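Only one chain is shown below, in structure tokens, and it's the form predicted alone.
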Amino acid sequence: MTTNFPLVLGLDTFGDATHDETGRPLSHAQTIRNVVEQGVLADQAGADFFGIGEHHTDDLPMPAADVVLGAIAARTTRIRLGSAVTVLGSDDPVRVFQRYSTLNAISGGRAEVILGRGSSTESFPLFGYDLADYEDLFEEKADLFAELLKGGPVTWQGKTRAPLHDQDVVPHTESGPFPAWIGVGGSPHSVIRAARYGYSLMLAIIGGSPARFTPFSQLFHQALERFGQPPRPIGVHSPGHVAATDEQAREEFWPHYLEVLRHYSRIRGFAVPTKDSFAAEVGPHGALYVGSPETVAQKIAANLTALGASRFDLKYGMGGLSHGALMSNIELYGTQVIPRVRELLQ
């Protein structure tokens, strides 16, 4: 692995609505309480990071990740906690900074934030933003957030919100800025933006060959140098499911993966997966990390090396899986996958 940054192995969830052992959906409130328990277990099992992605739909009832992370912070002492992802374009950068600097205080300096344009756009009409301004909103707000991270009074002016004139923004962090990343799903412009404003790069690889993102890693390093920025880490976020055997993991994951993508195919034009396309995605050259601890560890190690990345966050869970299956996934990832990846990358 061509990086001088420490290896970080984390877990992400979107708060997918969980079901009971008979397949009946649980309430949104119970799903949120389950995510708190999952975050606590992730800490106990040895994961380095636990992230919660912002969503605003019935099947992903997780609009206030920072509140849930605060509950996890109160019951943990080691694991880093953050968003995965915060939809910055439909939020206010000052409020996002305040929420995560508050989380940083509660957790004793363990907060991070991953910012994204938002591939799910439900939050834009919800909060009164025009999707026609999607790109401009994120560009300006990423600029302002980078200024806020520097600490000290902020002076900033743009078109998407009121200007700030020598404005003190509280709470102040105790020991410099908390880590901030920009999530990128396939846009070279987003890679260059991350470098320009001094963010770390999180590659969201949810389909196809991870190797196709290798040019993005190279572009990021080149852009950092061009903008006079110091080297910054690259991470990978991808979906998956860990069980005792490859067969069990695939059998548990496949029906829920099929149903979720069938639903989103109607909304966002995704192709409905077939058994063959699923097999390709869980194979060595696909984007899904579904299998036994050894299978998943080998794939993580190989792709981190190929992409020159130092961090991997497994997006665990899929709508319809039970809380028990998710807890088992977390336990196996923390106690077996993580030590094996570290061994492979020594």
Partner chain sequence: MTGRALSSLRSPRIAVLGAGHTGPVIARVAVEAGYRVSIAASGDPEKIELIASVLAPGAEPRWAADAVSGADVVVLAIPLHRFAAFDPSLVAGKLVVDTMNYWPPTDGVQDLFEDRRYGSSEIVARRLARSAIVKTLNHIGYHELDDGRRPAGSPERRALGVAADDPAALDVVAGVIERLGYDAVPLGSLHTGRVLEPGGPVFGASMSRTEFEQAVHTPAA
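Everything numeric here is computed off the predicted structure, so don't read it as measured data. Residue numbers count along the first chain shown, from 1.
Below: the form predicted together with the partner chain, not depicted.
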I192: touches the partner chain in the predicted complex, heavy atom cutoff 4.5 angstroms: yes
Partner contact for Q167 in the predicted complex: the partner chain, 4.5 angstroms, heavy atom: no
Close approach of G185 to the partner chain in the predicted complex, 4.5 Å, heavy atom: yes
Touches the partner chain in the predicted complex: R268 (any heavy atom, 4.5 Å): yes
Contact assignment for the partner chain in the predicted complex, among G228, G128, P153, P215, heavy atom within 4.5 Å: P215
Proximity to the partner chain in the predicted complex, single hit among P233, P239, P179, G207 (heavy atom within 4.5 Å): G207
Which of 255-263, 242-250, 70-78, 269-277 sits within 4.5 Å of the partner chain in the predicted complex, heavy atom basis: 269-277
Non-hydrogen atom within 4.5 Å of the partner chain in the predicted complex for each of R117, L219 and Q222: yes
